[in-house]
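Heads up, the chain below is alone and in the form predicted alone; it's given as structure tokens.
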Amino acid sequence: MADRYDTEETGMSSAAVLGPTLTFLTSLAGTGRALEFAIGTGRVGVPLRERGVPVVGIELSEHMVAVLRRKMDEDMLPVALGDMATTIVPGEFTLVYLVYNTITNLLTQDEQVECFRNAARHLAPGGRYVVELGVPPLRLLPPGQVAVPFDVSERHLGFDTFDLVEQILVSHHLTRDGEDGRYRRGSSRHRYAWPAELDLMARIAGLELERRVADWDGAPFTQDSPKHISVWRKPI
């Protein structure tokens, strides 16, 4: 999966997506350091470092880090192997960020709360914690239905199934490999959370909501927004 990740996520690495993301994060980092939880292959961390922001990463998968190392060495972008909810790296940061729905990889509320606490632990007073997360599309579920498609294209079929009691969604993928018509099947489990629930997690961690927008360009967040970018601040 690590070897395929960048190829399958080329859209998320486009200038149209990354440009506003990097501008948003650079403005919050200021002259300080940034810590990326679940840095993966460095889709965001590497170009942010190239913009002059000192970046440190935490990543659970050594295979993802191996792909990152093809782009940037340890001296330029240090990465600690470990769980983003518990792993501690030295120093303080003006920015901690977690993008592309990755907080949902933590499958319990307690783990997600610990992730907020870990962010607060690393932040300098006045520092910010940023999370990019989709809004659960439960309004698309008619009575009795548990599945919502999110991509129906020539090379990929994707749909999510929901356990509304446990707040668990399973993301299912059928991806066509090559031109022989064969499909590769995969799935992953996630715990979805509402913006208000994240605000309570932040309060438990001693952080205050500073702003919430619908995208990296800063569009207003409304009841129809499919995702949000939320910024919490550590009090001075």
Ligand SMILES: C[S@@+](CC[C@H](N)C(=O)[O-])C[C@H]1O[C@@H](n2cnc3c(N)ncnc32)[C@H](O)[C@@H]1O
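All figures in this text were calculated on a predicted structure; none of them were measured in a lab. Residue indices: 1-based, along the sequence shown.
Another form exists, predicted in complex with the ligand; not displayed. Remarks below refer to it.
Contact annotation: Gly91 falls outside 4.5 Å of the ligand in the predicted complex, judged by heavy atom distances. Asn118 falls outside the set of residues with a heavy atom inside 4.5 Å of the ligand in the predicted complex.
At a distance threshold of 4.5 angstroms between non-hydrogen atoms, Gln112 is out of contact with the ligand in the predicted complex. Among heavy atoms of Phe159, none comes within 4.5 Å of the ligand in the predicted complex. Distance criterion of 4.5 Å from any heavy atom to the ligand in the predicted complex singles out Met64 from the list Ala193, Met64, Ala205, Ala29. The stretch in contact with the ligand in the predicted complex, judged by heavy atoms within 4.5 Å, is 42 to 50, chosen from 207 to 215, 172 to 180, 193 to 201, 42 to 50. Residues of 144 to 161 include none with a non-hydrogen atom no more than 4.5 angstroms from the ligand in the predicted complex.
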